[in-house]
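Form predicted on its own, single chain, as structure tokens, below.
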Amino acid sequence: MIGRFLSGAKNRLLPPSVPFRFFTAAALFYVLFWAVLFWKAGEVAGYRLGSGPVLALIHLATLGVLTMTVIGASLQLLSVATRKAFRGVWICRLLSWVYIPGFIVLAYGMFANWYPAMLIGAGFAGLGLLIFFFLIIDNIRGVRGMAAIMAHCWASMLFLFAAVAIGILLVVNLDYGLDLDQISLASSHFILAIFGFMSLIAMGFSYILVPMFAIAPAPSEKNGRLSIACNVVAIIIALAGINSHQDWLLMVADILGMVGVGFYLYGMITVYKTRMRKRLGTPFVLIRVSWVMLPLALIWGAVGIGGYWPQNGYALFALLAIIGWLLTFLNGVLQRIIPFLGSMHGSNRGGPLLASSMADMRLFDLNAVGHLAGLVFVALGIIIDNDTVIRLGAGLGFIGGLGLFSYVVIVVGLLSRKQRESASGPL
């Protein structure tokens, strides 16, 4: 599968300006996420529901960093994996022109409690996500082979569609007071977005990217199918439990989700143990930490379902799922994808560029140390309800974010120079 993926890959890549605009935006919003967390540290630990800076902070991480990264990676790598080009580069560019400004307006509206901006931003961001939805569905429709990976893509896209619909409904309900159960809607939106869309597509791409970067056999197809089956059923049961207010359904969903995650982690550990590349570097430190955070988030979720969460339990659960699992995983993936794509796009007659020649790799070490230190201190600050500790973690995360952003900017500048030199030709 990895051989098929890499065979002729360069010929099926989109122009670098398309994915890298999403990666650059993701890195920028990642830095902004830590900055806002530092600023509003006092409002984080006790947050449960409602618009304001913390809601904007959550969406900076989810829509600003996670979704932006997923879009960039999907548009660049999925057509290579499926051997099907997207319908038009202009549609991919249109997606960026609609989604990125729409998200900025939405985030500002949430931060400032300005409902007209939230409605306008939600409309444009939602439209952008629907464009992404139809681009991916069109690309994976009819693809043969890679059944487990395609199942993850299909499920994540359907959950994305549902998450967008409920997200827009949440904004409308806040503004117009439709007398809907806001807590159930918000909880359903969280489950669909975090565990439905983002987690499933991250797991799906793991079956391609982890073996490719580790130089290892892909995990068994059966293992992937069992994982996606358990996780999809778990999400559906969780939604039923949320909206019927039945905690026993939520516990069943959590346990089934742990089983699905267990199948996923078993496949990933097998890949890791059978790898040919023994030194995987900083990116896989982050990826391995994320593999610990995912089951830890589900275990903490089960504690909450059992009624044993303290007042700050909700904030800790969100931190484990969003920062601990998804942001840590995608930081590790970005540290591998950006040099890989930069090397392929920047190749010339002398061969591909070396990752170390594009930018200082120590920026990735700074990113990893800052991110992990930020995760630890923010988690500790939430547990002991101490704003100063949360602010310390946010500051460390901000420094780490600057490392990632700096690397992306340097690579984008390098690719832009090479594109201009290629266009001008020899003197």
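None of these values were measured; they are calculated from a predicted model. Numbering starts at 1 and follows the sequence shown.
Quick note: we don't show the form predicted together with a small molecule, though the next part is all about it.
Only one of 138-146, 207-215, 263-271, 191-199 lies within 4.5 Å of the small molecule in the predicted complex by heavy atoms, and it is 191-199. Scanning 242, 73, 228, 110 against the small molecule in the predicted complex with a 4.5 Å heavy atom cut-off leaves one residue, 110. With the partner removed from view, the residue among 338, 164, 315, 253 that has a non-hydrogen atom within 4.5 Å of the small molecule in the predicted complex turns out to be 164.
Residues 49, 168 and 174 are all found to lie within 4.5 Å of the small molecule in the predicted complex, as judged by heavy atom distances. In the predicted complex, the small molecule sits within 4.5 Å of a heavy atom belonging to residue 59. Using a 4.5 angstroms threshold between heavy atoms, residue 343 stays clear of the small molecule in the predicted complex.
Contact annotation for residue 26: none of its heavy atoms lies within 4.5 Å of the small molecule in the predicted complex. Residue contact check for residue 96: none of its heavy atoms lie within 4.5 Å of the small molecule in the predicted complex.
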